[in-house]
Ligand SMILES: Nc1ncnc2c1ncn2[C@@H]1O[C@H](COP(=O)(O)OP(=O)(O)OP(=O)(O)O)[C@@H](O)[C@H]1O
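Single chain ahead, written as structure tokens, the form predicted on its own.
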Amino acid sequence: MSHKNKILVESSGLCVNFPVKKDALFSKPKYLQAATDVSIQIHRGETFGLVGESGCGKSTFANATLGLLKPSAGKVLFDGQDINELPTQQFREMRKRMQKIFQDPGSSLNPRFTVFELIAEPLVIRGGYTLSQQKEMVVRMLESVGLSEADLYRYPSDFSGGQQQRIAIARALILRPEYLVCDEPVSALDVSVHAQILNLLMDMQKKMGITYLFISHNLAVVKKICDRMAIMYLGKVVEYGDSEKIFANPLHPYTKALISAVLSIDVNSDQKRITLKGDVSSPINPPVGCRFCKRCPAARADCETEECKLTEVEPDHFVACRFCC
């Protein structure tokens, strides 16, 4: 298989800006720059991690790859096609190949629907299935996520958070998508069920060959399950590539600070915590150059004005810092 055929999702110079309310009637329009010049490739069958603090643009990027947000600039290619240039009918057909698992299972499930109605809804929207076919498919999917036919006509409120997330996963997988966005799928759950849900996702990936975009704050989880990853800061990718290489040799000061914050079970570890100082720049008026410069311990005078481009420092390891390359 050629390298090009391995790519399922690709963003090129992706920018997503949101208009901000004007201070005065005739003032110049302002925009919140949620994602800026994001260019990454997600390969078929892999788990791609997206990491960064809250508000850095992770969910915005994910929603843009699903066609839920239209880019202000740049492109999103799915299986080689620009999803924002497709005719409506073709786009709808392509969207059937994508799904999303939301962060909070409780709020993403309609409390008035039974489990059967929740999981069968994508089948109803697609059409072409009889009621008996829907029930058969839903029961099979329920069993694959660790629930049973006895749960069919119960309501979401009857289940624990972990069970609700299993229902959400079953609903996302019922159409057998190729691309699944997991938007912090375990962050709202008890620690005791984290491993269960993550193991379930990995098992389903092996069975169905799904490509995951895995959004998380938990670097320990990303290190364990992600093949490749990107670190975002204030709407921009600062480091990107093979997960093992990034964890073994973090180069960007922000990546180093994030990894230093991961708790280690090794009592003999001499890893020191890097504490970042300073304030996060405004996404409405970010620095022209490096967006991390105001908090970077290695910043120089020209960092704020000279733009940093992602540069390949080793095969499949890119960093956006002029002094790390």
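Every value quoted in this text rests on a predicted model; they were computed, and no experiment measured them. The first residue of the sequence shown is number 1, and the count goes up from there.
The protein also exists as the form predicted in complex with this ligand; that form is not presented, and the subsequent description refers to it.
Heavy atoms of residue 257 never reach within 4.5 Å of this ligand in the model of the complex, leaving it off the interface.
For the chain shown alone, residue 55 is a contact residue for this ligand in the model of the complex, at least one non-hydrogen atom being within 4.5 angstroms.
In the model of the complex, this ligand sits beyond 4.5 Å of every heavy atom of residue 293. By the criterion of a heavy atom within 4.5 Å, residue 184 is counted among the residues contacting this ligand in the model of the complex. Only one listed stretch (57-65, 38-46, 294-302, 22-30) carries heavy atoms within 4.5 Å of this ligand in the model of the complex, and that stretch is 57-65.
Checked against this ligand in the model of the complex, the residues 217, 92, 206, 176 give one hit for a heavy atom within 4.5 Å, which is 217. Counting a residue when any of its non-hydrogen atoms is within 4.5 Å of this ligand in the model of the complex, the hits in 12-34 run 18, 32, 34.
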